[in-house]
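Alright, here's a single protein chain in two forms, structure 1 and structure 2, each given by itself as structure tokens.
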Structure 1
């Protein structure tokens, strides 16, 4: 039911308009003979139509409309002002001040019904549009979520595709991604960046898809020539992901390209130094190496946690960004929890 707010200091007009509004049907009249009391009501309620007299004590109709329009969310509510025929100047002021239409005194039922009907139709249109906008917004959110879910699934499958050709396991991907997030947290990165890193880090080695099995699966040490081929996985991963419209894929491309760079410039593929290396690359470098060292492989035993920690310590400022190493150790309890939660399946030692 539409709420029609009526403000008039004349009891005759108030009663007459109230009766006409009830006759209109589908409307609930809310009446006030004092504009200030009506304004107070409006702070807590949103009427569907306001009918206000011009000449009233305390506050005239023009001032009421100005005060009403200044309330949050009341700029579009239709307002009808009641004026006498001789008040042309008042009508002009009211139009400028936000009135939508006028009612002439003495009130004529036909004119009243038509103007009130028009204003309520306008309000119904406003409500319909507002509801439609809310529905569309909800649908957009749903679709966006579905796209994001598909994107995550796609990333996971791409990452798994690389893993199928690699002795590393699915658990490695998850551990190094969470280790990366722990480091990002220690570096005070915002939540959006942390989430992006968590989702993009698993793609760090996706370029291994393009490395021949003879090299990728070689159980022994790679020759210098073979290692040069192996190093190409960083650029291959970058090439595979870089042109994506997805922010996660783009972050994955950056990580793939930079996670083998070293802080002192001795890494690959570009030999970047220090802050030249993208932050996500510096973070993933620590997480990836720690996990690789502490994992068993068919061709190597797992290092102890102490041995791996010493390696990270020794690599501060040479291999690794010292701040990233520090952030990693600052989240040590979480690191151990992740290591415990995502365990490799048993791999027989050679």
Structure 2
């Protein structure tokens, strides 16, 4: 049912207009004899049509229309002003101020019915378009979410493809991704950046797909020549992901290329130093090393949490960004919870 707001300081006019609105059908008249009271009502309600007299105490019709239009979401509501026949200058001002149409006194019921009907039809069209736009927006959001879900699944499977060739586990990429998010939170990164990092971090070692099994799966220490080949996985991962149109994969490319850089410039592949290393790379370096140290592999025992923490502390300012290490330890309770939740023997569902 359409709500029609009527403002007039004359009780006779209020009674007449209210009766005509009821006769119109499908309308609920909301009447006020004081414009300030009507304006207060409008702060909490959105009428479908406003009928306002010009000459009123406290606030005339022009001032009411200006104040009404200034309220959020009220710029398109139809406004019908009641004026006298000789008030053309008022009509001109009202048009400039936001009135849509006029009624002249004395009110003709046939003219009234036609004008009110036209303006309510205008309002119905506005609401239909608004609802249609909302429905389309909802569908777009649903489709976008479906695409993002498929993108996340693809990213997870790409990440797992590298892990299948490596003695690491699916739980590793889950843990290090969440560790990375904890660090990002400690650094006060915004929610969008934290989410992007969480989704992109699992691709940090995707370039290992291109490393020969002879080197990747070697149980002993790599020779200098073999280690040079192993180091290529950072560039291979970057080359694999860099040209994607996906923001997540572009972030993954940056992480793949930079997470083996060291804060003192002794890392690879570019020997970047300090702030030259992208922030996501500095964050993932801490998360990845901690999880690698505390995880058991066929070629090594798992370090204790205490041993791994000491290694991070010792690497402040040399291997790791000191602020990233500090943020990691600031979220220590969350770190332990993630370590407990994603165990190597339990491959989490996507």
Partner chain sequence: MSPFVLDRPAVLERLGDDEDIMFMMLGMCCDDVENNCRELSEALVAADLEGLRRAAHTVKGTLASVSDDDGAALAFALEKQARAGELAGAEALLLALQARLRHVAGVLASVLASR
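A quick note: this is a predicted structure, and the numbers were derived from the prediction, not measured. Positions refer to the first chain, counted from 1. In this text, the rigid core denotes the largest set of C-alpha atoms whose superposition between the two forms falls within 1.5 Å.
Undergrad: Can you tell me whether structure 1 or structure 2 is the form predicted on its own?
TA: Note: form predicted on its own is structure 2; the other is not.
Undergrad: How much does the smaller rigid part turn between structures 1 and 2, counted in whole degrees?
TA: After superposing the larger part, the smaller part appears rotated by 13 degrees.
Undergrad: Residue 36: how large is its C-alpha shift between structures 1 and 2, with the rigid core as the superposition reference, in Å?
TA: Rounded to one decimal, the shift is 8.6 Å.
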